[in-house]
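Okay, so here's just one chain, in C-alpha cells, the form predicted on its own.
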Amino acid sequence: MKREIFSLILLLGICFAATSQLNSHPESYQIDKKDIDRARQLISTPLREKLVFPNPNPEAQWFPSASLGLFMHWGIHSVAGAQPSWDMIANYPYGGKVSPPDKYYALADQFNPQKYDPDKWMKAAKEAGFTYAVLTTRHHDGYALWPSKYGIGTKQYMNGRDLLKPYVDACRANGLKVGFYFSPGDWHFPGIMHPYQFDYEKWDKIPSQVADSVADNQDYHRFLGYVLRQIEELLTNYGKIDLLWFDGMYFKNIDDMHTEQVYAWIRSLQPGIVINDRWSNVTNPDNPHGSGLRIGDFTTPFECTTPTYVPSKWFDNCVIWTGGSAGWGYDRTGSFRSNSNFMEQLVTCRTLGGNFLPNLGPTENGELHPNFYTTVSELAQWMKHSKESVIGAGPSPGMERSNVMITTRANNWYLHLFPQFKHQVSLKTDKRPKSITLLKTGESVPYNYRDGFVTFNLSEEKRTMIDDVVKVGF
C-alpha cells in the first residue's frame, strides 16, 4: 500500500510539474545584456526630427480607405471560450471564470490547434468586403503565438510551431493587408504584477510602493529590452507588415514610455507600417474628454461603442462581433450581431471617415464557428451589388443633409436605408440629381425635386433586412 501511495504521489508530482502556471519557464525571461542596452540607448537618444503622424510613407496610405478589417483574438483562452487574459482576474466584472492565474495558464497544455486553416478564414472575409485583418500575436497573458526567443508561447508548448506565418501567408494570398495585435504588457513576466492585481476586489488594497528610481529604471530597461526584442521578431520574420495594433505599455513607477522613439524605431524596420495610439495612451478609450495625448498614425477612441464624432484624421472602431459571454475571445454560442446592425456600424464609421474593426475569436482547434461563414456569406451577397457605397467610400457631405446616413464617392452620394427606417427620404442637394437608382437592382427610383430638396419613398417590396442603398448621381 505504501508503495502504491508513493507511486501515486510521484505521478501527481509529475503531472503538476508538467502543468503550466504563473511564472513558469523563468529561464525564458533571462534577457540578454545587448537587448537591455539596445532598449536603454533607444529611449535615451533624442529624435533628430519630430515624427509625423499619420505616417506619410506612400505604402501607409491604404489605411483611411480600408473601411473594414477583421479583428481576431486567439490564444490559450480559446480552450475555455474565455476572455483573453482578463478571465484570470478573480471577481472581474467581464471575466473571472478561469481564475486564479494558475488555472488560466494550465490552458496552455491543451492549446494545440489541429484544424487551423487561415486561408479559409481570409477567403471568406475577402468575399465579404474585408480589406485587412488583425490577429493577436500576444495578449496581456504573455503567451506568444510564435516561437519567440523570450517569454512563453509555442516555443515551450508546441515544439516551436509558428501560428503566425500561415496567417500572414493567407492574408497575402487573399489580398488582405496584414495586421498584428501585440500587447506590450505581459502579466506573466516575473514580478511585474502584484498578487492583488489578480483579484478585482483587492485592487484598492495594493500597497503603495516606495519608488527606488535606480532599481525601477533597471527593471524597466530589462522589460523594455524583452518587449522590443519580440516586436523586432514580428517585424523582421514575416516580410512586410502593414499594421501594428498595440494595447498598453505599462511599468510600475515609470511615467514616460517614450512613444515617439519607439515608433521611430518601428518605422526603421517597417517604413510603410501604420501604428495605433495604444503604446502608452493614458486616455480612457471610452472617454473622449480624457486628458491624455493620443500618439499614433490612427486613434482608437471607440471601443464597443458607436462613433459619434471625427476624433482624428485616421481612426478605427473596434467592437465585439459575437454575442456570448466570451467577450473578445471564442464564443461557443456562435451568436453574431445581425447583419443590419453590422452594416449600420460600418456605414457610421464611413460617414465619419473611419474604419470598422469587428472582432471574433477562433476556436482552440483553429477553426471559426460555422455561423461566421453563414454571416459573411450574406454580407458577400450584399457586397456584390452595394460594395461601392461603403468599401473605399468617402465621408458624409453633412449629417444635416438627410434623414438617412450618406456616404460618397466622386459625384455620387449613397443613401443608406436600414430596416427600421420606414419614412419618406428627404435629401438636401442644392441641385437636381442626374439619376437616382437602387443599387440592389439597378432600377431607377422615382423622386420629387423642389427648392433644393429631393424626396422619395422606397416601396415595401423593395426593402430588405440589411441595408437598402440608393445611389444619387450628380
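Predicted model, so just to flag it, every value in this text is computed and none were measured. Residue numbers here begin at 1 and follow the sequence given.
The same protein also exists as the form predicted together with alpha-D-glucopyranose; that form is not shown, yet it is the one meant from here on.
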With a 4.5 Å heavy atom cut-off to alpha-D-glucopyranose in the predicted bound form, the contacting stretch among 169-177, 244-252, 369-377, 188-196 is 244-252
Between F298, W279, F223, Y181, only one gets a heavy atom within 4.5 angstroms of alpha-D-glucopyranose in the predicted bound form; which residue is that? Y181
Checked Y150, F315, F71, F111 for heavy atoms within 4.5 Å of alpha-D-glucopyranose in the predicted bound form; positive is F71
Any non-hydrogen atom of K103 within 4.5 angstroms of alpha-D-glucopyranose in the predicted bound form: no
Is there a non-hydrogen atom of F356 within 4.5 angstroms of a non-hydrogen atom of alpha-D-glucopyranose in the predicted bound form? no
Looking at the partner-bound form in the predicted bound form, is E303 within 4.5 Å of alpha-D-glucopyranose by any heavy atom? yes
4.5 Å heavy atom contact, H140 and alpha-D-glucopyranose in the predicted bound form: yes
